[in-house]
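Starting off, we have a lone chain in the form predicted alone, written out as structure tokens.
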């Protein structure tokens, strides 16, 4: 199946599991699906091939009527979240609108995946927390004026201005981010749970997307 195919789910939290040799593996628990195929894109009609998967159930009270009408015409429930996955033509033929896709249909234990989510929002932070600056001077040798300052941001000669992209204080986090090549430590098919070794972006209950690793690096031991 195409590497671009994935599933939508939510992050439940962190725990640890034990391997057969007694090694402890910290994992993040993800509830992946079941997702429903809500649309299919074909090259003849749309110019490319893709499938749209829906996850969860939308609050119909707050859903616009045109949006509800689209899913009613397709014969599927209005999902809370929809994500499109590009696929090859031969892969597209394996999916039909209304089909349910479960975690064991896409993933297997031991493979590597890419996890995409919205990182935790930290609010307005300084350069030391936002960009890992070291700070100015040494705190153990007397006092100085700028302990957590970013230092000079420009110059008084050419170009005589602050350059675009200069790292400065500002909004930290709350951005779409992807962590690559994480190992699938375990799959609990009956509960649609995916246990990923390590950490993934976003807060608990945050919506995430998991795809098979694009770069395909072998999983770390």
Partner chain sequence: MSSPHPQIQALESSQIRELPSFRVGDSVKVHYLIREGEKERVQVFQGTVIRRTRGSIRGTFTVRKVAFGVGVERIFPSSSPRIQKLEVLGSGHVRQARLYYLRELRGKKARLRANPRHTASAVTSTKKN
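Residue numbers count along the first chain shown, from 1. The model shown is predicted, which means the values in this text are computed figures rather than measured ones.
The form predicted in complex with the partner chain is left out here; the points below concern that form.
Q | Any non-hydrogen atom of residue 191 within 4.5 angstroms of the partner chain in the model of the complex | A | Residue 191: contacts the partner chain in the model of the complex.
**Q.** Residue contact check: residue 14 to the partner chain in the model of the complex, 4.5 Å heavy atom
**A.** Within the cut-off, so yes.
Q | Exercise: residue 29 in contact with the partner chain in the model of the complex, heavy atom 4.5 Å | A | Output for residue 29 is yes: heavy atoms within 4.5 Å of the partner chain.
(Q) So, residue 50 and the partner chain: in the model of the complex, are they within 4.5 Å at any heavy atom pair? (A) So residue 50 does not count as contacting the partner chain.
Q | Stretch in contact, per heavy atom within 4.5 angstroms of the partner chain in the model of the complex, of 34-42, 192-200, 148-156, 174-182 | A | In the other structure, the partner sits against 192-200.
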